[in-house]
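Only one chain is shown below, in structure tokens, and it's the form predicted alone.
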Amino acid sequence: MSIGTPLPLPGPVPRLGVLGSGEGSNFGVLLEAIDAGTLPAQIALVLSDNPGARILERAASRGIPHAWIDPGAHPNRFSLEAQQAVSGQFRAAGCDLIICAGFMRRLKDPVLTDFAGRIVNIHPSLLPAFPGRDAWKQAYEAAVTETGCTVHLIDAGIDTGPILAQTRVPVYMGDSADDIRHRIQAAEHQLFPRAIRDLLATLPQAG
């Protein structure tokens, strides 16, 4: 799969921290782009709120530092202790940018403050349409003829941060929700590495 033209960045190679809760397919695409030289960066640390997440296995297979963060007792929220642990571990790893690759919990302080303007998410819709969970199902239920995916910065809201890049995806008559999901995912795999590369080129380099 072609991700783009190699574009070396000046100065030290940026260090990426990755958060994920599941399979880590977008994480795999980032690794491919790094290997191909089209995303000049390195993965410094992978963290997950799910001890059985495939993304941790992917990191382990590549010798990338990784860890489970205890999310706390609530099934959906991320406790203050977890937020502090995430921020502390990413800071200790010297991360320049945090990538949310299928991470299913909201980030709050101190993460948002410590990495302000440096936390990136990819969402399976054309934001501001269909924020929140299962965006492809929302698109299916709304019977839209077009949806897509959005790379954006994370702020204190739900999928409300500044938009960095978008790709449009058609919805065809007879599509199921899964058809829409798979088409969006294919678009995500093309968009995500490019958007991260472009953002890194605008950030002050570490060191």
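Predicted model only: the values in this text are computed from it and were never measured. Counting begins at 1, following the sequence as shown.
Only in words, not in the display: the form predicted in complex with a small molecule, which the text now covers.
The chain is drawn here without the small molecule; in the model of the complex, the stretch among 91 to 99, 110 to 118, 68 to 76, 123 to 131 whose residues come within 4.5 Å of it by any heavy atom is 123 to 131. For residue 14, no non-hydrogen atom is located within 4.5 Å of the small molecule in the model of the complex, even though that partner is not displayed. In the model of the complex, the small molecule sits within 4.5 Å of a heavy atom belonging to residue 26. Remark: residue 185 counts among the residues lining the small molecule in the model of the complex, judged by a heavy atom distance of 4.5 Å or less.
The small molecule is not drawn, but in the model of the complex it has no heavy atom within 4.5 Å of residue 80.
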